[in-house]
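Coming up are structure 1 and structure 2: the same protein chain in two forms, each one given alone as structure tokens.
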Structure 1
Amino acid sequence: MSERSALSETGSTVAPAPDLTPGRGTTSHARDIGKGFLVKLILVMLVDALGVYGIITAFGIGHWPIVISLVVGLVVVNWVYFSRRMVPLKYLLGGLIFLLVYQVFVMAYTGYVAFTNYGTGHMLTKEQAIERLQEYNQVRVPDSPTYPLTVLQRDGEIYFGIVDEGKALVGSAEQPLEEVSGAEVVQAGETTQRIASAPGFETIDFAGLLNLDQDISTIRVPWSSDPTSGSLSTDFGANGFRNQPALTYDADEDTMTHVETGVIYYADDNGSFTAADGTTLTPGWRVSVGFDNFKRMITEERLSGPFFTAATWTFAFAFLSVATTFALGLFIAITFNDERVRGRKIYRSLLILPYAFPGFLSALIWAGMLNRSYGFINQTLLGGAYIDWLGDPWLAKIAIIGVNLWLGFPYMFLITTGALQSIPSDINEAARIDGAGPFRVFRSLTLPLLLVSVTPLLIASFAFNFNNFSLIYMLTKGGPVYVGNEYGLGSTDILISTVYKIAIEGGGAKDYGLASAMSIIIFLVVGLVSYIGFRRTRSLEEIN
């Protein structure tokens, strides 16, 4: 008899109570290997294989945070999916991992970048920047060695070959010089030698050099993996010259000195080596800049004007998009909610067609229809008028609101139709019996009851349009562009398209730090508007 068995006071046997304590199962994987376990085992093995590959790759480039994250992640995955105590977590772990990677990590990294100078010219660490400066800035000194050069080719890539101290060396712009075994070496002078051929390489003669698409005088072959060892270059392909770094680094003084001019460049707080005359070496390195990126939006003349214009237009665009689409959708919904209208199902089906087409495709079609010279609007509807719908700042804004009205009213029509049909009809009947007219019934009963259910959706629509990048980009690309703006910002750019141009598409340098700071501003604004909106929704719920 088990420990839970007992005798009743009358002497009869009482059945043992079931053990409902959660915990370890009664069987083990060693004795319960079914199809489900094998499928789970294979899937976890695949996850482990991908994870180990990621660990090896991250270890190779020395990215320790990724190595630690992958190791911890693999341990957790194997522990959860092979433990009988973690049954609920088995269904949540996948979602939690994606939440951490695609939400938490992205938000945290964006916050980190917003306080740095990360961008074009400042993407490297300081050690990497010093190596690049010495690698990219090399000069031919008067006493630099000269070698008879052989130009080779393999898989479309140009290689230089020389003989140094009796060794045949071959390298390309991406691969430092290294000894090649089996190369045929011939005498090129009394004391010099040349590579005649090398296994696996095609030797290019003088006629072949004339037909090359690539200018071989621009190629710099690293002498070794150490950037301070110099490089090999050539003028016409006959002789190679060993170049030396034009900049030498003094670790004690933290300075760079040009070997020819003697100019000294000092490391500054902006992540660059700067000379006394203000000349800066490129590339620099990443450093923390505090709140400088946020200050630049206000204090820099080239940014403050476009930023505040884009912020104002973003609020106006989001508000007008919600207001116009909601008004038109509600009007149509009320119209076709009247039982006296015949064929309502057909009309309702036709009216949601714009919602069925992909939004970016509709925006591209509208961009063609609004074309100034050959668009359908000017040529057919306006009898050949020459109206620059997308080239004038104000007309472009009106065009965007109009196109978004076309794209957005079916959604509002659908949700308001559903909300109207959920309002009890006897409320309206009672109001009419009390003498209320149609407008008073709509203003005092229908609209408040309608807003109770659709207000959260209106808030979501505002947040969506606040970041409606695809419509702006497909229709106007943010244009017309401000004259002389280095980022290519335009009159119809909203904040999110401004961030995109600064980070990705800008005509000048990519400024990820500034773009991340703007992203944080957008996040705070959308979060604040949503919070206030939902707070206001609670007051509407009291109507019920």
Structure 2
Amino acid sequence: MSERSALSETGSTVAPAPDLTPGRGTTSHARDIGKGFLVKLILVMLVDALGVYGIITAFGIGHWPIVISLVVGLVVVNWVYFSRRMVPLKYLLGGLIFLLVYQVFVMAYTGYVAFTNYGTGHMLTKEQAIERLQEYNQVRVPDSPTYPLTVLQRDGEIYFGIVDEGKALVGSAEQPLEEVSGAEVVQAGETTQRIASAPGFETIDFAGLLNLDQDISTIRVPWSSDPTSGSLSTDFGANGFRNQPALTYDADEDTMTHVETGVIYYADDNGSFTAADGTTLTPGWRVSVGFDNFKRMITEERLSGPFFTAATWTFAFAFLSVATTFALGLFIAITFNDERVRGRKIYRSLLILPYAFPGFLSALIWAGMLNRSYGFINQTLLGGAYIDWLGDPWLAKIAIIGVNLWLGFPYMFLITTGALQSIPSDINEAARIDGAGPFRVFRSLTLPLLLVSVTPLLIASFAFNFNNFSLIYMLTKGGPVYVGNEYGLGSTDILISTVYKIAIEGGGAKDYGLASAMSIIIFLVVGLVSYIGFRRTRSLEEIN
């Protein structure tokens, strides 16, 4: 109480003349120069400052989508928080921005990437790819003049210095050649000059070159910021010569031509430049490939096999997880649903320990216990048996279901206990008087009544296990791995771990397009399952 009055006192000293007439606050709180307004002003100013900084940086690197979304975002933020009418939005906007960027946008982006060839070798836009191709493929200009070269050093970085048309030019692999003022230029031949020293740079002599860690023959200094203008390189550090891109781009024909061989590479539909003989230039660029990724899942043999087994196993795993944990949880709930059993509280606390223990840790501990050679299960419980729990396709599946049973039964025990309590006991008594045995009562009364209340939770549990990445990844890592599979897929991979391996941690190439296409399929399945659960809970009726 005292705290609150102190607050309002300080509030009134800050605000010059708080108008406390009723209704005033609701019509024009933006004009109240109170504490709240100051806080709001400072927060919005901070957001604006950050946003403007972001716009400038994004503009600098030419990242238009970010520039546009930041501009729109800033306008909306300022409009909402300084307007008088947008009161509900003031409370929604913060969360909404995060939701839009990190959930709605990424979902939409997944949809977009699924229809492209985005992935290793196709990471860039076409302009970036052309630039990169010209930058990386350079040949010495025939009959070009050589330049007496000076190797310089600044902050541990190697610079090349030459004199061209009377100008002293210095540049590094990172920084194109640029004229330096104050360089000392000396005659190096009849017509050529070289730089003896430049302010701020340390000149490296021939002896110093031998001690350099870096191989200077690999350094290419861009001639200018335009990648087509070529680069400066050297063999031994004495003379420099000019390189030009080996590939020239013809924008009208959309072709790349090799300067020396004359081979013409045509831009193809798959986002690469390809010559007539089928050789392609890397890197390529991202293009839309339509439903190709989806088709590949079905038609390409090395993908379709693992994909279909993973899909089947995902359904089986999710279903069996729910079925086994529910069966055990229900059994325990019924066993302890008798008030005459003493110590039920202690039993319950101990039984929910697996649920309280963080799931990722449990999976790792079980993986250790199931270790083929040293694990506790084989060594101690089975007396030194050598059972390959995690290395055999079928045993690994059984191990996963078993560990998941351990992880999941306490949850089912908790929810079925709750549901059992809500079933009126007089129904059971009535049935018993009518002559029904305990099993009959359970089958015809308790179970159906129970299912009414727990089905939505069972569906949610199914959806959860459908994507139970951490259990699979930590227990078996999807293994045992199929022999020769390029993405390292294995027989216990569920769909989401398949996506993970294809996109992030495959054997070699990362294929974001294919991975996103698979994500879409999981999205659809999970969405459908949740929709069924959602219809059952009738959550919509709560919105009024």
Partner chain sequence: MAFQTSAPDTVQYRDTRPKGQLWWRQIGWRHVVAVALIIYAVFPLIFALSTSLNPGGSISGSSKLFQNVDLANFKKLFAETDFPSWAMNSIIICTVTALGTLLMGASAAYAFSRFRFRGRHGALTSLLIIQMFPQMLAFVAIFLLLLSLGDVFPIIGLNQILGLIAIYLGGSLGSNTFLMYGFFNTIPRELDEAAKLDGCTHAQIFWQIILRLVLPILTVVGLLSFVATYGDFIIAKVVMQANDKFTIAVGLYQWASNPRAVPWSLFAAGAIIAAIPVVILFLFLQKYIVSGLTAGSVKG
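Between two forms, the rigid core is the largest collection of C-alphas that superpose within 1.5 Å. Residues are numbered by position in structure 1's sequence, first residue being 1. Predicted model only: the values in this text are computed from it and were never measured.
- Between the two isolated copies of the chain, the first is the form predicted on its own.
- Put the two forms on the same core and the Cα of residue 399 is off by less than 2 Å between structure 1 and structure 2.
- Core-superposed comparison between structure 1 and structure 2: CA of residue 84 displaced by 2 Å or more.
- Remark: with the core as the superposition reference, the CA shift of residue 179 between structure 1 and structure 2 reaches 2 Å or more.
- Core superposition places the C-alpha of residue 39 2.3 Å apart between structure 1 and structure 2.
- Comparison between structure 1 and structure 2 places the CA of residue 196 7.1 angstrom away from its other position, after core fitting.
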